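The chain that follows stands alone, in the form predicted alone, written as structure tokens.
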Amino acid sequence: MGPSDDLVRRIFIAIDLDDEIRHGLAAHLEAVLDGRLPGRPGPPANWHLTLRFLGTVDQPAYETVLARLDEAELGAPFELGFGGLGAFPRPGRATVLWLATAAGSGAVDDVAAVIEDAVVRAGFMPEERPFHSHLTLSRIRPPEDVRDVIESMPPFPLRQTVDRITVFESVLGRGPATYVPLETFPLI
């Protein structure tokens, strides 16, 4: 057993956002909602589109995931656009407020399916819930009715080119989690 075999991390695979998108979205939310997102908003530095959450992973499993991702045909770069707000499980009793993807949603779905196949081949159980492309903005406990917030929000107009996926570690501690990029895989 090597020295790093006992290293355990909380891992997820995502599309990272450009700084222009982070700043633009923060300004958009501030202008429309006067900075009053319901619930506990995530910091803009943490905004991303999760493609697959793996949870707690030891070093050998992590290395296997990286090998399967390296072999995967992730597809070509694409333009990603955004839409309006939505909520899980439903707007009248929301626990999560999110920003929808618009242009490029099909490409996001495609790369998520390739990643799902790669992590299953790496030995992980298949994801039970169907993939739904979104950017989580706020977690709401207890649940709230956010229909007014959703209806008041015009679509977010900026786009970004997605040319890579990123494997992140979620580091828990005081306050919001910190997301540390570990590896990137290019879309070519």
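The numbering used is simple: start at 1 and walk along the sequence shown. These figures come from a predicted structure and were not determined experimentally.
Below, we turn to the form predicted together with adenosine-2'-monophosphate, even though it does not appear here.
Using a 4.5 angstroms heavy atom cutoff to adenosine-2'-monophosphate in the model of the complex, all of R10, H48 and R139 count as contacting.
Remark: H134 counts among the residues lining adenosine-2'-monophosphate in the model of the complex, judged by a heavy atom distance of 4.5 Å or less. From the list 126-134, 26-34, 60-68, 149-157, the contact stretch for adenosine-2'-monophosphate in the model of the complex under a 4.5 Å heavy atom rule is 126-134.
Looking at 174-188, the one residue that comes within 4.5 Å of adenosine-2'-monophosphate in the model of the complex, counting any heavy atom, is Y179.
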